[in-house]
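Taking the form predicted alone, here's one chain by itself in structure tokens.
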Amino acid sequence: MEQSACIPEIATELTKASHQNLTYFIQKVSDLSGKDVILTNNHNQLITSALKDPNHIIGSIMAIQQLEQHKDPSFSLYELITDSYVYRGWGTVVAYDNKILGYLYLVDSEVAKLEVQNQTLMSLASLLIASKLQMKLEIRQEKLKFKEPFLFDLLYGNLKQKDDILEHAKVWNWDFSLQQSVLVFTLKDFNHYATDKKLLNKLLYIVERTVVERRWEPIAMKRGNQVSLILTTKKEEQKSLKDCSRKIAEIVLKEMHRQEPERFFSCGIGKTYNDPRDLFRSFQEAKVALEIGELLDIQVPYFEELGLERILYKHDTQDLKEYYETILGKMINYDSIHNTDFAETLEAYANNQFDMITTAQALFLHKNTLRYRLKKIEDILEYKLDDINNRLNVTAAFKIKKMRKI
């Protein structure tokens, strides 16, 4: 009875705090409970936390494991592994209208039983948090009603007037008067089942979180199996937009790989343009770079850096196969008949910029052995490998092999 007498006071404190932002509210929960508090979204991504030790800073949550369930099934004991510390504590679902919006955790250095007062506190707090999260979700969805059609028209070249684009973008405080480029992320082997749709939502969330953490506006759109992101130049940024784009792509792909190691995510980056009417070009280039990158195992392909590959990508497949046969056909046949691997040797030689020493090291061969093999390859192909034109042909032929899966 003594504990239940505290409920009105807790409720009053929480209700007052609920008029502030979530960070303030979580701090109030921490003050009332005497525990560290962690709030995540429904993907177990950190929303905010209140930690008593100033040295404890959570960058991201690596994993959450349920250890045991409380006699009240609304609560469970969890272990939270973050990028800096491992926490243990009691957690409960934050739900609105039976839809899970997040999770609230009360953690401590020593796991104690869940006191009745903190149990009540968590129940009340989760209800108020659910209301706040639902409100944010509805505001976001309302914005998306207008944002997504605008981004779609922008990326598909349906907007022709620059001034209209600049004015329209100001609704969301986006500045398209500076340089901009498009990044396209995708989930390979995507299907339309609910699990993959959730993965796309997670990808969109990680993309937006990554750019927001770097003080960029999250100008992103999800469509089909892709998430597209527009990055605009920041006046105070020292690095080029190209370098920033690549860095953000690498961070997003690394995080998605960490969270979903069995799935494959990739990214392509389009060229940088000064005029927002050209964003559709950057978008198309990013998609081409994405496909070429997947074919050639380039982690983050930048369209501008794809030279020969861009030309080969657009070329007729049958014509490319005939070219491949012309350049390397004799050697492929020789390997097939004599069970040799001269094609692998030549491909390694081409991949190492036709450098004898580097290739020998890569293949674990003595230099003289490699020299003998290359002489044999020249005899089979009936052309010299020190000729610049022949080297270009060989390089192109092996790129065709990779891109067309010959």
Partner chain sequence: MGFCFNADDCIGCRACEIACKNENQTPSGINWRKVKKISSELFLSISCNHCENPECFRVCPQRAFTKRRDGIVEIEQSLCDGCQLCVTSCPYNAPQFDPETHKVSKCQMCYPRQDAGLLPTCVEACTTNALSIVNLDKFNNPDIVSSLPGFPDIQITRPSIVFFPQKIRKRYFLF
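Numbering follows the first chain given and starts at 1. Predicted model, so just to flag it, every value in this text is computed and none were measured.
Below, we turn to the form predicted together with the partner chain, even though it does not appear here.
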In the predicted complex, which of the listed residues (217, 291, 108, 79) lies with a heavy atom within 4.5 Å of the partner chain?
291
Under a 4.5 angstroms heavy atom criterion, identify the one residue in 140, 71, 239, 192 near the partner chain in the predicted complex.
192
Heavy atoms within 4.5 Å of the partner chain in the predicted complex: which stretch among 246-254, 117-125, 309-317, 130-138?
309-317
I'd like to know whether residue 164 contacts the partner chain in the predicted complex, with contact meaning heavy atoms within 4.5 angstroms.
no
Even though the partner isn't displayed, in the predicted complex is residue 284 close enough to the partner chain, meaning a heavy atom within 4.5 Å?
yes
Residue 99, heavy atom within 4.5 angstroms of the partner chain in the predicted complex
no
Verify the contact flag for residue 158: yes if a non-hydrogen atom of it lies within 4.5 Å of a non-hydrogen atom of the partner chain in the predicted complex, no if not.
yes
Residues in 363-381 with any heavy atom within 4.5 Å of the partner chain in the predicted complex
none
